[in-house]
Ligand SMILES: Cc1cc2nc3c(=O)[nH]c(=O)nc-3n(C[C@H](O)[C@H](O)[C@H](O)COP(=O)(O)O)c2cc1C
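Single chain ahead, written as C-alpha coordinates, the form predicted alone.
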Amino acid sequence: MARSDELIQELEHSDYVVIGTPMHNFTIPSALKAWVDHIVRVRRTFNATKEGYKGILRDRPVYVAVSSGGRYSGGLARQPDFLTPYMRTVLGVIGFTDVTFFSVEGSSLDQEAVTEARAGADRALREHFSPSCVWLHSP
(Lines give C-alpha, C1' and ligand atoms only; values in the text may rest on other atoms or scores of the structure.)
Protein backbone atom coordinates (compact mmCIF):
# COMPACT_ATOMS: atom_id res chain seq x y z
CA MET A 1 0.00 0.00 0.00
CA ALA A 2 2.93 2.34 0.60
CA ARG A 3 3.89 2.28 -3.10
CA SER A 4 0.26 2.84 -4.10
CA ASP A 5 0.00 5.81 -1.73
CA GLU A 6 3.23 7.25 -3.16
CA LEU A 7 1.99 7.00 -6.75
CA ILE A 8 -1.39 8.51 -5.86
CA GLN A 9 0.32 11.39 -4.06
CA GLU A 10 2.38 12.09 -7.20
CA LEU A 11 -0.88 12.40 -9.13
CA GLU A 12 -2.49 14.58 -6.46
CA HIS A 13 0.42 17.02 -6.64
CA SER A 14 0.66 17.13 -10.42
CA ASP A 15 -0.63 19.84 -12.72
CA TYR A 16 -0.75 17.44 -15.66
CA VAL A 17 0.09 13.80 -16.38
CA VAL A 18 2.12 12.45 -19.30
CA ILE A 19 1.98 8.75 -20.11
CA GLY A 20 4.14 7.22 -22.83
CA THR A 21 3.35 3.65 -23.80
CA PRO A 22 3.62 1.16 -26.60
CA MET A 23 0.55 -0.77 -27.65
CA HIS A 24 1.15 -4.44 -26.81
CA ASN A 25 -1.26 -7.00 -28.23
CA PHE A 26 -3.89 -4.32 -28.87
CA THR A 27 -3.75 -2.86 -25.34
CA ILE A 28 -1.46 -1.59 -22.57
CA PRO A 29 1.70 -3.42 -21.47
CA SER A 30 1.84 -5.13 -18.09
CA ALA A 31 4.00 -2.42 -16.48
CA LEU A 32 1.38 0.24 -17.24
CA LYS A 33 -1.37 -2.11 -16.01
CA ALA A 34 0.52 -2.50 -12.71
CA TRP A 35 0.67 1.31 -12.36
CA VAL A 36 -3.06 1.55 -13.08
CA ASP A 37 -3.76 -1.09 -10.45
CA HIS A 38 -1.82 0.98 -7.90
CA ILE A 39 -3.61 4.26 -8.61
CA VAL A 40 -7.20 3.04 -9.02
CA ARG A 41 -8.31 2.39 -5.44
CA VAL A 42 -11.81 2.47 -4.05
CA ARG A 43 -12.30 5.13 -1.35
CA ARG A 44 -8.87 6.57 -2.21
CA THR A 45 -9.11 7.71 -5.85
CA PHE A 46 -12.76 6.85 -6.56
CA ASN A 47 -15.99 5.98 -4.80
CA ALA A 48 -18.46 3.34 -5.92
CA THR A 49 -21.97 4.78 -5.69
CA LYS A 50 -25.45 3.73 -6.78
CA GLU A 51 -24.97 5.99 -9.79
CA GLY A 52 -21.62 4.44 -10.70
CA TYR A 53 -18.00 5.29 -10.06
CA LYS A 54 -17.18 8.84 -8.96
CA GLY A 55 -13.60 10.02 -9.27
CA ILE A 56 -12.06 11.70 -6.25
CA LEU A 57 -8.97 13.21 -7.88
CA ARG A 58 -9.09 16.74 -9.29
CA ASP A 59 -9.25 16.67 -13.09
CA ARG A 60 -6.14 17.84 -14.92
CA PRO A 61 -4.82 17.39 -18.47
CA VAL A 62 -3.57 13.89 -19.21
CA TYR A 63 -1.49 13.32 -22.35
CA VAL A 64 -1.04 9.76 -23.55
CA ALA A 65 1.59 9.10 -26.23
CA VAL A 66 1.12 5.72 -27.91
CA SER A 67 3.45 3.92 -30.27
CA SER A 68 2.25 0.96 -32.27
CA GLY A 69 3.83 -1.40 -34.75
CA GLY A 70 0.58 -1.57 -36.71
CA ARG A 71 -2.13 0.93 -37.51
CA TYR A 72 -5.17 1.01 -35.25
CA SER A 73 -6.96 4.18 -36.37
CA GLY A 74 -8.06 5.73 -39.61
CA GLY A 75 -8.75 4.13 -42.96
CA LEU A 76 -5.59 2.01 -42.93
CA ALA A 77 -6.29 0.44 -39.51
CA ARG A 78 -5.59 -3.28 -39.49
CA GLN A 79 -5.75 -4.05 -35.78
CA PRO A 80 -8.19 -3.41 -32.95
CA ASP A 81 -7.59 -0.72 -30.34
CA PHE A 82 -8.40 -1.69 -26.77
CA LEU A 83 -5.79 0.70 -25.32
CA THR A 84 -7.51 4.00 -26.00
CA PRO A 85 -10.97 3.15 -24.62
CA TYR A 86 -9.45 1.34 -21.63
CA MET A 87 -7.18 4.24 -20.68
CA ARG A 88 -9.96 6.81 -21.18
CA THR A 89 -12.30 4.73 -18.99
CA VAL A 90 -9.88 3.87 -16.20
CA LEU A 91 -8.57 7.45 -15.98
CA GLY A 92 -12.16 8.70 -15.92
CA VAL A 93 -12.93 6.44 -12.97
CA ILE A 94 -10.43 8.36 -10.82
CA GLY A 95 -11.60 11.77 -12.10
CA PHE A 96 -9.34 12.46 -15.08
CA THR A 97 -11.57 13.29 -18.04
CA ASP A 98 -9.33 15.76 -19.90
CA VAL A 99 -7.40 13.04 -21.75
CA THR A 100 -5.63 13.62 -25.09
CA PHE A 101 -3.96 10.87 -27.12
CA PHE A 102 -1.07 11.29 -29.53
CA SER A 103 0.18 8.39 -31.60
CA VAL A 104 2.92 7.09 -33.82
CA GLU A 105 1.33 4.16 -35.63
CA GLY A 106 2.88 1.73 -38.05
CA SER A 107 6.37 1.74 -36.56
CA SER A 108 6.97 -1.83 -37.78
CA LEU A 109 6.22 -0.83 -41.37
CA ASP A 110 8.67 0.66 -43.85
CA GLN A 111 10.72 3.80 -43.16
CA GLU A 112 8.35 5.97 -45.21
CA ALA A 113 5.41 4.95 -42.99
CA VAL A 114 7.42 5.65 -39.85
CA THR A 115 8.50 9.08 -41.13
CA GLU A 116 4.89 9.89 -42.03
CA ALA A 117 3.63 8.73 -38.61
CA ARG A 118 6.20 10.83 -36.77
CA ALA A 119 5.34 13.88 -38.88
CA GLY A 120 1.66 13.34 -38.09
CA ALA A 121 2.38 13.14 -34.37
CA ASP A 122 4.49 16.29 -34.59
CA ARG A 123 1.65 18.13 -36.36
CA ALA A 124 -0.87 16.95 -33.75
CA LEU A 125 1.38 18.14 -30.93
CA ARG A 126 1.93 21.52 -32.57
CA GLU A 127 -1.82 21.97 -33.16
CA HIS A 128 -2.67 21.04 -29.60
CA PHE A 129 -0.05 23.06 -27.75
CA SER A 130 0.74 26.75 -27.89
CA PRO A 131 2.72 27.95 -30.92
CA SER A 132 5.09 29.53 -28.42
CA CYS A 133 6.40 26.08 -27.39
CA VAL A 134 9.93 25.28 -28.42
CA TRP A 135 10.24 21.98 -30.31
CA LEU A 136 13.50 20.11 -30.26
CA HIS A 137 14.07 17.46 -32.88
CA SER A 138 16.49 14.58 -32.61
CA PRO A 139 18.24 13.40 -35.77
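Counting begins at 1, following the sequence as shown. Source: prediction; values computed, not measured.
There is another form of this protein, the form predicted in complex with the ligand, and it is not shown here; the text below is about that form.
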property: 97, 100, 79, 47 - the one with a heavy atom within 4.5 Å of the ligand in the predicted complex; result: 79
property: Segment that reaches the ligand in the predicted complex - one of 34-42, 88-96, 67-75, 52-60, heavy atoms within 4.5 Å; result: 67-75
property: Residue 107, heavy atom within 4.5 angstroms of the ligand in the predicted complex; result: yes
property: Close approach of residue 24 to the ligand in the predicted complex, 4.5 Å, heavy atom; result: yes
